[in-house]
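A single chain comes next, written as structure tokens; it is the form predicted alone.
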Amino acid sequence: MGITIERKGESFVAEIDGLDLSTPLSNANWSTLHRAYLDHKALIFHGQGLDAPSLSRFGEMFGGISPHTVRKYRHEDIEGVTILSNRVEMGRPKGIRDAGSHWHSDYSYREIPANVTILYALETPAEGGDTILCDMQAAWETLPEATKIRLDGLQHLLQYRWCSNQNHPESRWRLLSEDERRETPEVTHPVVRTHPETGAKSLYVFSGLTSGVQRILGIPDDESRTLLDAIFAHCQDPKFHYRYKWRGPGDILLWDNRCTMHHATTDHLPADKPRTLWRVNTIGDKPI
């Protein structure tokens, strides 16, 4: 059977059939997949059968694997695989429960953020636990020209554990060990990012708690807050979003963090609706 690619969202997201990701891909199949990745920004696969090593090997096709900052959520055998789960086993969380229940782009708090994120479903509830994606290229392209001119060239300051509400359940302020704190210093990134492979521009600032955005640099704090609030409100428009409803074990959802952001919906998922995913992130490029 040949490879089929079907666009699912208005401006991004495609579903691919006809590929077995548990085995090494031919050069031709990889070229097709990678072109689809750049064209559609997010890809969906069903019926895959991967173990942790084969998931990691698939991820390596996009670049070096970058383990999660918080060590206790890493897979016991393959540290580049992160466990996301609302299950509790022997009184301890099986994985990250909230897993980004806010708008963010993975590892944007690092000097070198993530390229791809790959999620692989081990178990999913019949309803709930959806993943929402936002096309940040489309969000940029639909801004008024005057706003584009104002934002292009600005930099913002962020830090993983920074949060205006340190007591929020998702705050990382108290979660990190001393080593993990040292590994996540303050960084600066452009508000508008140019994709290193396509050359397209995207908004690259995120409202989520663990994104740790503090302010836009070089302008007064009140102006920074006004601009950030306007960006965040603009990106809330549903026309930029795609809501993925997990069908079951073997599903894969992957996306390009360089031109999208995403939002989990697991913060209120009850224990009797178990959801366990494996996640892989690869090292991207310094944003420009």
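Given the structure is predicted, the values throughout are model-derived calculations rather than measurements. A residue's number is simply how far along the shown sequence it sits, counting from 1.
Note that the form predicted together with a small molecule isn't included here; everything after this is about it.
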Looking at K201, H104, R110, H75, which has any heavy atom no more than 4.5 Å from the small molecule in the predicted bound form?
-> H104
L119, V187, L143, I83 - the one with a heavy atom within 4.5 Å of the small molecule in the predicted bound form | L119
Site check D130, H262 and R275: each within 4.5 Å of the small molecule in the predicted bound form by heavy atom = yes
Which of 189-197, 130-138, 144-152, 214-222 has heavy atoms within 4.5 Å of the small molecule in the predicted bound form?
-> 130-138
